[in-house]
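Form predicted on its own, single chain, as structure tokens, below.
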């Protein structure tokens, strides 16, 4: 079986599994306890924060550990809410954990603005400037789109936000960027940045939120006061340590170049007049969205699944009809019905991706012929 749904989740690395077992079985103490074994665990948690900041390319600020990116995104936005006449700005291409929270804020009476996407999937910078004002409280923008791989220019976005909305908190969903595309957080000037371990060969159920200034964030989970009093609950030490090791053992630049080549091989092999490549060459090489004319994409997924695993889009929204990201890019409901997402990993071989592309194309054309 060839796995091509790595944007949904990745297989844990051997080193991550080994690290998780050690902290779950041999050094399992609660870091909030006061005996020496627990104090040592607490120290290692602090050390993990420093290690992750180094990987993010930033020295200042703090890391708050969460159960994953969904919680990190919710903490970033809910934790930045304040009473008063504030406005909230999101792109139309956000992950469900941000997009659906934005919809909830609307229901609660907040002023919420959605910035449209350009044809290639990035945020429309001109429209972003129009949406911002001195009343803007939170701006939340995805770094790498989880459906199309489109990369937003966070450095440019940050400059615009700081100029137009100096009191705004800028949150970035960095889930499909961290450990995949080269960047330094210190060069982006953001306030909050979310990551998720299972997107880079760590375990599920653990993630983190980088926070530039803890005083800007309020708690949305109350309890024992862990994580600087912002996110209560006993820390998932095995998951946190495994996540850190997984990230440290990724060669971002080498993997990027390999995946870029694999993506090119796949595209060359799958090209057909009836198959539209939605993702552009300017995006992340890890994610490729395609539209298959005249079929339901879910049918193709089922035909392939015993040999090749592909996805429909965001795994968090795959059981719901439609796709708000593709819709925001101007595609019709009929086109979106035939959408498939292929997402790569550096462990794949050229032979595997070429075989997969050819089989996907042949199975599609065969299905299309049967439907005539």
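Positions refer to the first chain, counted from 1. Fair warning: this is a prediction, and the values are worked out from it, not measured in the lab.
The form predicted in complex with a small molecule is left out here; the points below concern that form.
The candidate spot formed by 69, 142 and 146 lies fully in contact with the small molecule in the model of the complex, as each residue has a heavy atom within 4.5 Å of it.
Here the chain stands alone, but in the model of the complex its contact with the small molecule, taken as any heavy atom within 4.5 Å, falls in 175-183 among 175-183, 261-269, 219-227, 288-296. Residue contact check for residue 97: one or more of its heavy atoms lie within 4.5 Å of the small molecule in the model of the complex. Among residues of the shown chain, residue 201 is not one whose heavy atoms approach the small molecule to within 4.5 Å in the model of the complex. Shown alone here, residue 73 lies within 4.5 Å of the small molecule in the model of the complex, counting heavy atoms only. A residue is said to contact a partner when one of its heavy atoms sits within 4.5 Å of a partner heavy atom; residue 196 meets this definition for the small molecule in the model of the complex.
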